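What follows is one chain in structure tokens, specifically the form predicted on its own.
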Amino acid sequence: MHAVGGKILYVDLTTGEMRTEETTPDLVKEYLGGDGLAVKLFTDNMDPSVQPLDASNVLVFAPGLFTGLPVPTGGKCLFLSRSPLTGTIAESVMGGNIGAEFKMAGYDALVITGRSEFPCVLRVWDDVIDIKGGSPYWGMVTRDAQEAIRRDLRVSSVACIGPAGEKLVRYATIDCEDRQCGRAGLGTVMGSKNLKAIAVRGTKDLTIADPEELIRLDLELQNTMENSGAFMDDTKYGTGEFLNWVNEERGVFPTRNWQESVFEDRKEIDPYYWAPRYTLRSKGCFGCTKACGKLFVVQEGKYSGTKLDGIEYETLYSLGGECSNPDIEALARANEVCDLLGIDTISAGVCIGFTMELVERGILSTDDLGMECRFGNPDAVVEMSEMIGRREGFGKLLGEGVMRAASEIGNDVERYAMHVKGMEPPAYDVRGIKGMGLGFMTSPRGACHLRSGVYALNLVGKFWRWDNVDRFAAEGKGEQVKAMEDFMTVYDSLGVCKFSRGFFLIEGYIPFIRAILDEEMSEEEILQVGERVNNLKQLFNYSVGVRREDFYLPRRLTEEPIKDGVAKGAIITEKEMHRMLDDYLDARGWDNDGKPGESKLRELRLA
């Protein structure tokens, strides 16, 4: 078949058994690749009674359908499993080269089960698959491990975990060339399997139905991107380009563990300040010319030697405003610590901000923590990030995530713990963008802005099918979030970056699919892939006990109005939370507890 590797690779780390299956045309048409294919393979092979850290948990790796081909921003790949942080199905997307290498080795997905008796590295070199000893790399930080494995095993690309994944921090990441699958603890799943890394070299060609047409489309889209204002801003300042606007004109930048929504001391963490001073050059994902990554280097001072690919908008919030940290150099060092040890910056920052609020309220003390972990102390953000990544001191508890940490501390501190389904939230105070609040609730993996991406629609007021959207209104959000979730799932199945949604909508990818697969798919058929995938995810979550109450927002968002800025007074009342959730469940065709209905499943050919 055109443009696919042609095979799905299965590896059992307990027995060492390996096998392949053909990637059928029907499977590609029903699920495309990436997120869609990974969900199908996961739900086909996973017993819902298996716990996230059991050897039998299934870990799937899948490049997008477009990955490895000349499609602008189309270089994404993802890992998917049952999350140790949330207990739900969870995926995480990244842009390292390994997705393209894996496709060129001849595979469309990798399904890993079992647990190795010893630390190991799974090597995929075209048709040769072997399990190598990983002990020499166990304990290495991500950057060193990738360099050593590439050199020793003569591979092109390596995705690995750091010490945090080995020590089972519940939100450990998987790193590939400074790009991370950051959310939901999929690096923890690798650590539980004693799998330090996946190392790949692919040398085969991918066949395309109409190469000349694909190149024409590629150049056309590239030209569209390069002539847009957003392209210039993103390549100059990265994903944090709109940080000041979110604070000043929308008032929804969570600060001091969501007690405030405007970070007054944001001068240094604004990319318009730091990009000209600390950036050596831009960096892009595989095959992307819209390079929004920045090679950030601190040349002198306390944090001299800090060097990383960043700093992303979400991290400017989590290790910045969330902790009231105004020092860009300390923030960059904390970001680098998280990347090297292998922990998610969003979850780590929210756990630290939560701890700082408990100190501020006198619930925790310096003696409890062994350090001065207070709002406005930049060094504390660095030090606590290190402690979490190494599971040392109080960092051991925070490595469990804010939900479990609050339960362990007791004293009704759950009211200060920011999470949905156990996942710490990203950088949008949803009291001032209510549609995103619903998106936090309905995301299969917990509080997340990327499953629906509806923050953009609510912040700007228009996108795709909608115009004049009132960000403070609860009405009409169910259908919007449902449609946007299906939209974004298609992006994750194709393997294109969500930041390209401003240039091409779903209909823009129809000719790409035609040129690549020689398949004629309508916009409706493509969106139905997204809907099918989201119903499969919910079927799994329902099977493991996720019910209506698990969708609810943290108490702070329904009990405390925003205190400052242009969104002052905004709140999602409990009544509005239930109304939005009911609207969403109706739009999905699910019952009051979120169970997909039989008629919907038949419509999607899932029953």
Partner chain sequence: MVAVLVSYPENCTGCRFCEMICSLYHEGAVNTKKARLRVQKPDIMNDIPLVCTQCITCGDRCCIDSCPEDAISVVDGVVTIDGGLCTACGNCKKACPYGVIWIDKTAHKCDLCGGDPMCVKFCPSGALRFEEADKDSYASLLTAWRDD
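Positions refer to the first chain, counted from 1. Fair warning: this is a prediction, and the values are worked out from it, not measured in the lab.
Note that the form predicted together with the partner chain isn't included here; everything after this is about it.
- [ ] Please run the contact check for residue 69 against the partner chain in the predicted bound form: heavy atoms, 4.5 angstroms, yes or no?
- [x] Contact with the partner chain, yes.
TODO: Spell out, yes or no, whether the shortest heavy atom distance between residue 361 and the partner chain in the predicted bound form is within 4.5 Å.
DONE: Result no; residue 361 lies far from the partner chain in the predicted bound form.
Open item on the list: Taking any heavy atom pair closer than or equal to 4.5 Å as contact, tell me whether residue 203 reaches the partner chain in the predicted bound form.
Closed with: Flag for residue 203 set to yes.
Task: 4.5 angstroms heavy atom contact with the partner chain in the predicted bound form for residue 113 - done: So residue 113 does not count as contacting the partner chain.
Task: the partner chain: the contacting residue among 265, 467, 523, 147 in the predicted bound form [heavy atom, 4.5 Å] - done: Among 265, 467, 523, 147, a heavy atom within 4.5 Å of the partner chain in the predicted bound form occurs only for 147.
Open item on the list: Please tell me which of 289, 411, 366, 227 lies within 4.5 Å of the partner chain in the predicted bound form, judged by heavy atoms.
Closed with: For this set of options, the contacting one is 289.
Open item on the list: Looking at heavy atoms inside 4.5 Å, which stretch does the partner chain contact in the predicted bound form, given the options 390-398, 79-87, 208-216, 453-461?
Closed with: Of the options given, it is 208-216.
Open item on the list: For the stretch 275-298, I need every residue with any heavy atom inside 4.5 Å of the partner chain in the predicted bound form, listed N to C.
Closed with: Sequence-ordered list: 280, 281, 282, 283, 284, 285, 286, 287, 288, 289, 291, 295, 297.
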